[in-house]
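Take a look at this single chain in structure tokens; it is the form predicted on its own.
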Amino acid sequence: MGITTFAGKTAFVTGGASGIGLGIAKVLAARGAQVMIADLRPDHIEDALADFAGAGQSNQVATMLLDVTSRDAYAEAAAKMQADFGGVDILVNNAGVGLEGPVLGATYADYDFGFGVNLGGVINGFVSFLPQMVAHGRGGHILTTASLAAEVVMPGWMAIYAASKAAVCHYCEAVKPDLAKENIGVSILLPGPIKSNIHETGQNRPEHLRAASGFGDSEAQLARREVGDWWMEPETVGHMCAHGILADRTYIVTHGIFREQMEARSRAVLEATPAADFQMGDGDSI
């Protein structure tokens, strides 16, 4: 069912030139996959290629520039993968932005940026690559990076981020049974603190969504955040993802730090759920 080995498989990893994406790409390449790293940042791509060269794995990877919010660019990427590799076997929808800012200051530019990348980029990946994954008949797997923020009640300054990641979770959960019929597995990565470049969100915001943003000060502050030594290494996440793909695990959770908050949220929903459907009495009115 789905992927049983990485040897001889072709993987497409968005946001693959740094952080979690690079960690996943390194592990897949080390296990025999041919990996296409798709990323928005030329500087990150250059650094990633140097890493692979240093590990003697240059022949395992290729790279391309990709803005995951561009449907035309994604269509071109899918066409290239079909022409050059006969289609992809593993799609890793990893590209994302760690949008943070005061909800009362949020503008359409901030919502468009956050949802455009975190949710729109994922949908573009599914729409662009699913047809070829079904058509080539080899089966496959789709791994999508969400966040533990999607599973708990987050503070208002992370509302856009958490909501976009929650939408990703619900979408992947819903499509998994249908894709299983095509021998395509689906996994959701729910990471906690990982050593990544997600604090560089402001640098990745497109020019047309800058001037009207209400998050300028927040993004400047985020850019100064220091990655903690205790945060998880990206390659550790990569190994977790590799195991999850082979097992067709729905949820791949990196940390237990939010376990109590996750349980509290679930209990609150269950406690608000009636044992039977509400029935209006004769004296009730809508």
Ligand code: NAI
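All of these numbers come straight from a predicted model, not from anything done at the bench. The first residue of the sequence shown is number 1, and the count goes up from there.
What comes next is about the form predicted together with the named molecule, which is not displayed.
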Heavy atoms, 4.5 Å, the named molecule in the predicted complex: which of 80-88, 180-188, 127-135, 141-149 makes the cut? Say which one.
141-149
Report yes if all three of 68, 192 and 198 come within 4.5 Å of the named molecule in the predicted complex by some heavy atom, otherwise no.
yes
Just give me the single entry in 30, 49, 246, 40 that has a non-hydrogen atom within 4.5 angstroms of the named molecule in the predicted complex.
40
Non-hydrogen atom contact residue 161 with the named molecule in the predicted complex at 4.5 angstroms
yes
Do residue 44 and the named molecule come within 4.5 Å of each other in the predicted complex, heavy atoms counted?
yes
I'd like to know whether residue 10 contacts the named molecule in the predicted complex, with contact meaning heavy atoms within 4.5 angstroms.
no
Is there any non-hydrogen atom of residue 117 lying within 4.5 Å of the named molecule in the predicted complex?
yes
Any residue of 86-115 with a heavy atom within 4.5 Å of the named molecule in the predicted complex counts; write them all down in order.
94, 95, 96, 97
